[in-house]
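We begin with a single chain expressed as structure tokens, specifically the form predicted alone.
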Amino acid sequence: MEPLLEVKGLQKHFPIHSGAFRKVVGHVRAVDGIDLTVYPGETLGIVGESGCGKSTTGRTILRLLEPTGGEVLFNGQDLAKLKKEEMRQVRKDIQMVFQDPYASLNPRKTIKQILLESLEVHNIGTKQERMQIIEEIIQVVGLQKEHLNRHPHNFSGGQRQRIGIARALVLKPKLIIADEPVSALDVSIQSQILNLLKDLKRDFNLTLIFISHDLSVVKHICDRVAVMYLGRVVEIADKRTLFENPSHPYTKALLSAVPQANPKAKRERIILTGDLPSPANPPSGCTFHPRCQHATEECKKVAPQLQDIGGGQLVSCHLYKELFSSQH
């Protein structure tokens, strides 16, 4: 199957300015050479702790942030090279659901105006057809037609996120990037929004990139998972393989922190020592080596590459054979 989206060597570096003349003295390597492939109809999860570059990756793919380097191939077309007007046309096919439903909706506009805006910008349909589209979409996400004339402050967090999802769906995109869409919501509402996304994916034949720091949420919704650490992908695998046979020490540590339903289940809790290094000054070699209890001299000097270890599982670790060979 041909991939819908291919990300090759994607980088996003933010300059660090200093002094009266705002001289560039360094760069924050928020995304530092990422390779991802997303196939039509799948949900790819991107996980990692705060500050690892997950959200920046999502925004750079959509060119809400301009990439520093690398390629973003969508249907074979490199988005990084497109002019503004060409990119605007592509945005019909790629939409984003933002993390904070309170900040992502314009408080001055009614829901009707918010949903009509993207249809008007892309010049889709007549006035009557546009109204029909948004009336259908608002019901698809579980709200009523009468809600269209209200402002965002009249709605709860969960309802606002439904409006955010409706706004993303209104153009019938092929790919939706959901940036932590449930992290700002109450736990009781989270499952409703996740189930809604699952249903919409099936009904609209969508492809999703689901960004989250919550592994239990990712387990519920994703088909494949990419684990990020300090601007790089350290492991990619299908959901079942990742949760049963993690092959990177960082993935193993993350999974050991997921709460379990069975209180009697024995499991080793891996505590990572030290803090997340600064992306402005990443460690040499494998960026995880200062926090890895298995690190060798090679890990400190040579950066590992993502390699296929079978079954579509990719890992960037020099020691995965010694550490995890018993699993495979």
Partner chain sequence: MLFVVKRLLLTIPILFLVSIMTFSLIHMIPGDPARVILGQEATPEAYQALRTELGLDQPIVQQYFNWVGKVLRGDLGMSITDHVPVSDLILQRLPATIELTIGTFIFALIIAIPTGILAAVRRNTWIDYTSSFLALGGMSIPNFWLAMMVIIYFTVEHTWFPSSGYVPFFEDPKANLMAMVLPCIATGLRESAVLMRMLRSSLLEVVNMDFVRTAKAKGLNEVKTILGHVLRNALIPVVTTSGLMVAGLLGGLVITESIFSIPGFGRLIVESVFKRDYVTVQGAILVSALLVVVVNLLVDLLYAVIDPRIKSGKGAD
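The structure presented is a predicted model; accordingly, all values stated were derived computationally and were not measured. Positions refer to the first chain, counted from 1.
Although not depicted, the form predicted in complex with the partner chain is the subject of the following passage.
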| item | value |
| --- | --- |
| Which of 252-260, 114-122, 131-139, 237-245 sits within 4.5 Å of the partner chain in the model of the complex, heavy atom basis | 114-122 |
| Of 143, 196, 171, 82, the one that lies within 4.5 Å of the partner chain in the model of the complex (heavy atoms) | 171 |
| Heavy atom within 4.5 Å of the partner chain in the model of the complex - residue from 223, 71, 100, 214 | 100 |
| Proximity of residue 27 to the partner chain in the model of the complex, heavy atoms at 4.5 Å | no |
| Non-hydrogen atom contact residue 218 with the partner chain in the model of the complex at 4.5 angstroms | no |
| is_contact(residue 202, the partner chain) in the model of the complex, heavy atom dist at most 4.5 Å | no |
| The partner chain contact in the model of the complex: residue 147, any heavy atom under 4.5 Å | no |
| Residues within 4.5 Å of the partner chain in the model of the complex, restricted to 124-155 and counted by heavy atom | 151, 153 |
